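What follows is one chain in structure tokens, specifically the form predicted alone.
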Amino acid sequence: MIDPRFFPKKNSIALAEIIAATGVTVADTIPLTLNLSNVAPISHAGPTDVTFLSNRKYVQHLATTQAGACFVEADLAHALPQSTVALVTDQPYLAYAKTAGLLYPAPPYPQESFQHPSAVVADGVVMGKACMIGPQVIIEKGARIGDHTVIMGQAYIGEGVKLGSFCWVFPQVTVTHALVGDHVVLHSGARIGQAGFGFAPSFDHGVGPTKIPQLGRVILEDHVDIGANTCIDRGSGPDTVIGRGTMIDNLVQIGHNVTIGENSIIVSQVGISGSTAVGHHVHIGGQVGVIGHITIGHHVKIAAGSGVMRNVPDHQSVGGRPAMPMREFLKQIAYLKKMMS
């Protein structure tokens, strides 16, 4: 349930505000002054709630929903009961997300500077205006913090690090050897800029590997979102780069020299080995493993649990271990099922 202790909410929003934010269309007979007070799943929504249907696996719920309004594609609008306003859009889930953001706005960025007495900020740190520095934060010399940035308790910002404006750094994050853009979110326990896993093996008996100095940086471009306990290694010489608008889930490992393009989505427990290049608008499902020194093209989709061991061309969907084109993967699954039946 949505607990108001954790998620403060507006009392309600008018239909006109929803239309302005989402671009949906409604029947001319619907009053734009109609107020909706919450968001809810389609099977639980009540008369003052707004809901959505984007996965057609749940289409049977359209006829029985009690929601006040529902984001829905045009060809399904007729299936809603008369008591539910059809909010017609090609992207119901996106419209729902925007509306939830209207009702449950994100915490505001600080408008005045605040530094907790227990924070340790080195001399020479360049601090922007209206920053909030929480308890037991450590910021080393030469760091630069942009305007309206929030750094929460026990975070560590290393020497020379640059954090942009309107960033949100959650508790116990560590950032070293990194240049971070504006509007970046680093969730609790994220580790940014630690040394990559680079070593030179020795063939002499009894002599162990020699670590290779990791001399690059991590570049996080604007509007990047990094999940809890995700690790992004700095480059060994070239930089590790995460492109603008990319979202990375919890418990992901990004190796040294990896580059990830803009607006990509990487789900939890993915591991991307060093020096791999990932394109723009790539979707990588959970628990995918990617070997190093390969290229994953733009607009690629990789199914959960896959093992990617070779280059993937633009616009291709792959799955399996080793990953292969999705059509081929599904054929193999069908063939194996037939053999075992």
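Numbering starts at 1 and runs along the sequence shown. All values derive from a computational prediction rather than experimental measurement.
One more form of this protein, predicted together with another copy of the chain, exists but is not displayed; see below.
Asks: Would V288 show up as a contact with another copy of the chain in the model of the complex if we use heavy atoms at 4.5 Å?
Replies: Yes - in the model of the complex, heavy atoms of V288 and another copy of the chain come within 4.5 Å of each other.
Asks: With a 4.5 Å heavy atom cut-off, would you call P81 a contact of another copy of the chain in the model of the complex?
Replies: No, P81 is distant from the partner.
Asks: Spell out, yes or no, whether the shortest heavy atom distance between D90 and another copy of the chain in the model of the complex is within 4.5 Å.
Replies: No, D90 stays farther than 4.5 Å from another copy of the chain in the model of the complex.
Asks: Is there a heavy atom of P171 lying 4.5 Å or less from a heavy atom of another copy of the chain in the model of the complex?
Replies: Residue-level check for P171: yes, a contact with another copy of the chain.
Asks: Report the stretch among 68-76, 82-90, 235-243, 123-131 that approaches another copy of the chain in the model of the complex to within 4.5 Å, counting heavy atoms only.
Replies: Partner-contacting stretch among the options: 235-243.
Asks: Considering only 314-341, what residues come within 4.5 Å of another copy of the chain in the model of the complex, judged by heavy atoms?
Replies: In sequence order, R321, P322, E328, K331, Q332, I333, Y335, L336, K337, M339, M340 come within 4.5 Å of the partner.
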